[in-house]
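Only one chain is given next, in structure tokens, and it is the form predicted on its own.
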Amino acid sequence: MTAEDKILPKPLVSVRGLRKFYPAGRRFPWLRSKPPILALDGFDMDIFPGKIHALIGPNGAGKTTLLKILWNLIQPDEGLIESNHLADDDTVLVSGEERGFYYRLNGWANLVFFGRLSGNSRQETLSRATQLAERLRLSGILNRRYQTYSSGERQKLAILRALLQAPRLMMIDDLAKGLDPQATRELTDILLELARDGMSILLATHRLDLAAQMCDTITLIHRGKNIATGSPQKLSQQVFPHRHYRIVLSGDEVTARKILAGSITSDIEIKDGHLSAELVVSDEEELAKLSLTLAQNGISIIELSSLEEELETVYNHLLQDSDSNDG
């Protein structure tokens, strides 16, 4: 067992070897049947408590199929799902295209209906819904009919309904679809707050910027397979093992050029009396040695900031590598 294994808690959910086929169907009965479509192909993944886990991938990669299997809407053809004392009502699914609410009822009536459907009394449902509405800043709209809600308000109400049963795992399919920047930011803040309170969140999204901004772990799914999993930083390091930094120095320019000659990717710029350049090193040990050499020669490091590759660049490289390996 590694040191990292000792630090990580036990997964809330472990997925191993999931395979799911869909019949291709045939338009005319006299034509030969097409082979079934493989939606998940030996898919593995762990979901940890209190973390936000993003599931990203192209259309048709298997994201929605995986969420439906985890919520028991459909059954896999092969594979195993193990949970850490996770009951059926501990998991909820929120869809970006929510059609389950009653358009002519107001928010309160919808929430009471679904609360009663889950076995709670009207009083219990209203009490919890009132608390959650304050937290999600929805109290001002719940007297209005659902059909008058904006996309962002409908998303928030869907999350509120999901929270009525106090789930341990919330799965969200296409959270920010059709939302403006303000509504997206509000929903992002809500999810970050829920994760801080200990809830696990599995987020299937095409928004790479959201995944990089808010998620602890990202899984890239392609053709039904898990082709990469890790934090945004680890995925970047996997594709681009050399580390890029912006370094700002104070000291003799000639000496700095000699020391950094083999490590910079651009010419040193001079601005406001300071030297600035992009630095590439293989690891932290090389960076430490370089910093020590600069200090020994009277050159001070004013600023050192990491230049992470954009997640979109990492994503595209991983997809290309996967396609090359399959080919």
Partner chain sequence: MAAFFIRDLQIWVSYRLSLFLDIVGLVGTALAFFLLGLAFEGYIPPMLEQYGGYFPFVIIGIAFFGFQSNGLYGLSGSLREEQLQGTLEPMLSSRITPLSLSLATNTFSFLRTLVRAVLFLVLGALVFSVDLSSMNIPSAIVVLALSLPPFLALGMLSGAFTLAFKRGDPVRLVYGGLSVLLSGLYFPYQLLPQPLQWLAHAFPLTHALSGLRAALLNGASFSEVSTQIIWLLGMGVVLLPLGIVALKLGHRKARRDGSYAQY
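Numbering follows the first chain given and starts at 1. Since we're looking at a predicted model, the values are computed, not measured.
Quick note: we don't show the form predicted together with the partner chain, though the next part is all about it.
### Query
Using a 4.5 Å cut on heavy atoms, which of L126, I190, A109, A183 is close to the partner chain in the predicted bound form?
That would be A109.
### Query
Within 4.5 Å of the partner chain in the predicted bound form, heavy atoms considered, which of L80, A166, I74, V239?
Checking each option against the partner chain in the predicted bound form, the one that comes within 4.5 Å is I74.
### Heavy atom contact within 4.5 Å of the partner chain in the predicted bound form, the stretch among 114-122, 210-218, 250-258, 194-202
Among the candidates, contact is made by 114-122.
### Query
Is there a heavy atom of P23 lying 4.5 Å or less from a heavy atom of the partner chain in the predicted bound form?
Flag for P23 set to yes.
### Message
I'd like to check something about F101: if you look in the predicted bound form, is any of its heavy atoms closer than or equal to 4.5 Å to a heavy atom of the partner chain?
### Response
Result yes; F101 sits at the interface with the partner chain in the predicted bound form.
### Task
Look up in the predicted bound form whether K156 has a non-hydrogen atom within 4.5 angstroms of the partner chain, and give yes or no.
No, no contact at 4.5 Å.
#### Entry: Proximity of K68 to the partner chain in the predicted bound form, heavy atoms at 4.5 Å
Flag for K68 set to yes.
### Query
So which residues in 132-165, when you check the partner chain in the predicted bound form, have a heavy atom no farther than 4.5 Å from it?
The stretch touches the partner through R145, R161.
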